[in-house]
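Only one chain is given next, in C-alpha cells, and it is the form predicted on its own.
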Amino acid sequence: MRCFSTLLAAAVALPCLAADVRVPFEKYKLNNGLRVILSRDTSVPVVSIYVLYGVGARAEEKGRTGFAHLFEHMMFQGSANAPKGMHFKTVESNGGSLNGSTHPDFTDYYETLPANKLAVGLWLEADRMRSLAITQENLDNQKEAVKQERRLNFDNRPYNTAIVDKWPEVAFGNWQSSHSIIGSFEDLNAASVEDVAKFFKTYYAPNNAVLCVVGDLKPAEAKKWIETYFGDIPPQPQPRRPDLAEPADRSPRSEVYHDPHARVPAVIVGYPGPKRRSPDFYALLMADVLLTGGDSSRLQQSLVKGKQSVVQYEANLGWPFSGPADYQDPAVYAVFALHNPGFSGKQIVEQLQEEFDKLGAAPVDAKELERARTFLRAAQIRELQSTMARARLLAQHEYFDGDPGVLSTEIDRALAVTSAQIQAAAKKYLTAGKRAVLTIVPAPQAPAKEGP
C-alpha cells in the first residue's frame, strides 16, 4: 500500500460490509486460442481495450535481457496497415488515450476510446498482433529510445537504478527473477532483427494473449468485430515457461548501494512471499494494510509521526514491479522507506523489523482490523470506477488464475482474514532470518571529465 491519507479519508465514511461489488463479464475463446473477456457498462459512453501478452522480463534468456521492454516499444512502431505513428494519432485524435507497460510476467497494451470507436481500437490491436513492422530501421530506432529512457528515468534519477537493477539481485537467487527488468545496453546492442522476429513469433501470438474490453459495448457487435479482426491470426506453439524456482537457502542478505543522485538515504526491506491466492497471501495482504495503509497505519503512526525516522514509504506484495492482482510467486513482500539522515540505515531496518515482530507477537485489535478492512474496501471501490482498471484486472485474473471472476471474490477473501491468521503469517514470513536488505546511501557525484 502506498501511504495515501486522502484514500483513507474517503474510506472512513463507508461501512465495512462484505464486498458486494460484482463485475459482470462474458468469457470465451477464439479458435486460434485468443482468450476474450467482455464486460458491459453503459454508465459512460467509453470503452477500454486491454491486451495482455504472456511474456515479461522473467521469460528472457541470458544475453537477451531487456527484450520484453524493447518489445513494448517496438509494438508502437507500426504494422502492415497502420504505419508508424498511426496508432497514437488515431487514438488521440478521437479523444482517447493509450499506453503499454512491461512487467516481470507479462506485457500489456491498452487504450480508452469513445464507445463508437471500439472497432477502430480493436483493428489497431489486431493489426500489430498480426503484422508488426520488424525492420532494422525500427529496431535501431527503438534501441536508442530504450537507452534514452533508461538514461532519463533510471540512470539519472535517484533510487531508480538501485530499485530496478540492484534490488532484484538482493531479493532473488534465480537469475530469471534477479536480472534487471530494463536490461543492459550490451544486450540491447547485440539484438538482431532475427532475434526480435523470433521473439515476436514466439510470444506475440493469439494463443499467448488475453483481450479484454470493458465499457459501453454491444456484445454481439463486439464479438463480430473481434472475430473479423483477430480470428484468422495464426496461433503458435505455446512458449515454454521459465523455471522460476528459488534456491532453498533463505539466509539473510544485505547490500549497500551508493547512489550519486540521492539526497536522502533509503532502505528496501523484503521477505519471500507466499503462494498466490493462498490463505497466507490474503493474510499478508491484510498485514500490509495494517502496516502501511493510510494515516492510521502502524508505520505512519510509529515511524513517520512518532520517531520521525521515516520520511516516506511504499510497500506491497510484489513490490516494486507488481501488486496483489499481478503478484506471481516466487515474489517478495517489500517495503521501500526514505528516512531521516539522522538515523542510520541499520536503525531503520531494526525499527521496521520491530513493527513486523509486533504484528506477529500479539493479536490485532478488533477496531484496528476493522479500519484496515474499511480502507481496503474503499480502495477497491475507488479503483473499479475506471473501465480500464476493470479491464486490466479481469485480464490479469484470467491470465494468472484462469478465472476473471476472481476480481469479484478477492476482496471477500481478504476481508474474511482473521487476527489470528495475520499474526501467524507475520511470524511465518516477516522474520529477520528471511530478510533481504538494500541500503541506499547518497554518494557524491563523480567529477565530470575534462575534454581533450
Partner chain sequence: MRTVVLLLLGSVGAILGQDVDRSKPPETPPLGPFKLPARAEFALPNGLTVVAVRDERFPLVTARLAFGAGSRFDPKTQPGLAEGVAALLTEGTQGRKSRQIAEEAAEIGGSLSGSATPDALVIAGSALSEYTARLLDLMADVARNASFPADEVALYKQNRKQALLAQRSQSSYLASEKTEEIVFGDHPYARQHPTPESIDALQPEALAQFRDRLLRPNNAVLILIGKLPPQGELRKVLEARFGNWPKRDVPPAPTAPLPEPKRTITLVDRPGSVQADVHVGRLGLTRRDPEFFPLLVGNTVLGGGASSRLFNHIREEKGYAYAVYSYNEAHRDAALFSAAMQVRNEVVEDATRSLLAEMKRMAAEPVTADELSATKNYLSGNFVIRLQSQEALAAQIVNLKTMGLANDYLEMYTTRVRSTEPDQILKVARKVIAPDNSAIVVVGDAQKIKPALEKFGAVQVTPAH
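Numbering follows the first chain given and starts at 1. Computed from a prediction, not measured in an experiment: that's the story for all the values here.
There is another form of the same protein, the form predicted together with its partner chain; it is not shown, and what comes next is about it.
So which of 163-171, 263-271, 237-245, 188-196 is the stretch with heavy atoms within 4.5 Å of its partner chain in the predicted complex? Residues of 263-271 come within 4.5 Å of the partner.
Among the candidate residues Gly323, Pro363, Gly95, Pro219, which is the single one with a non-hydrogen atom no more than 4.5 Å from its partner chain in the predicted complex? For this set of options, the contacting one is Gly95.
Sole residue of Pro330, Gly345, Pro114, Pro104 within 4.5 Å of its partner chain in the predicted complex, by heavy atom: It is Pro114.
Partner contact for Met86 in the predicted complex: its partner chain, 4.5 angstroms, heavy atom: Although its partner chain is absent here, Met86 would touch it in the predicted complex, with heavy atoms inside 4.5 Å.
Answer yes if any heavy atom of Ala133 is within 4.5 Å of a heavy atom of its partner chain in the predicted complex; otherwise answer no. Residue-level check for Ala133: no, no contact with its partner chain.
In the predicted complex, Val46 touching its partner chain (heavy atom, 4.5 Å): Taking the distances in the predicted complex, the answer for Val46 is yes, it comes within 4.5 Å of its partner chain.
With a cut-off of 4.5 Å between heavy atoms, is Val349 one of the residues that contacts its partner chain in the predicted complex? Val349: no, not in contact with its partner chain in the predicted complex.
All three of Gln148, Leu152 and Val311 touching its partner chain in the predicted complex at 4.5 Å, heavy atom to heavy atom? Checked in the predicted complex: all three residues contact its partner chain.
Note that its partner chain is not shown here; using its position in the predicted complex, name the residues of 179-200 with a heavy atom within 4.5 Å of it, in sequence order. Heavy-atom contacts within 4.5 Å come from no residue here.
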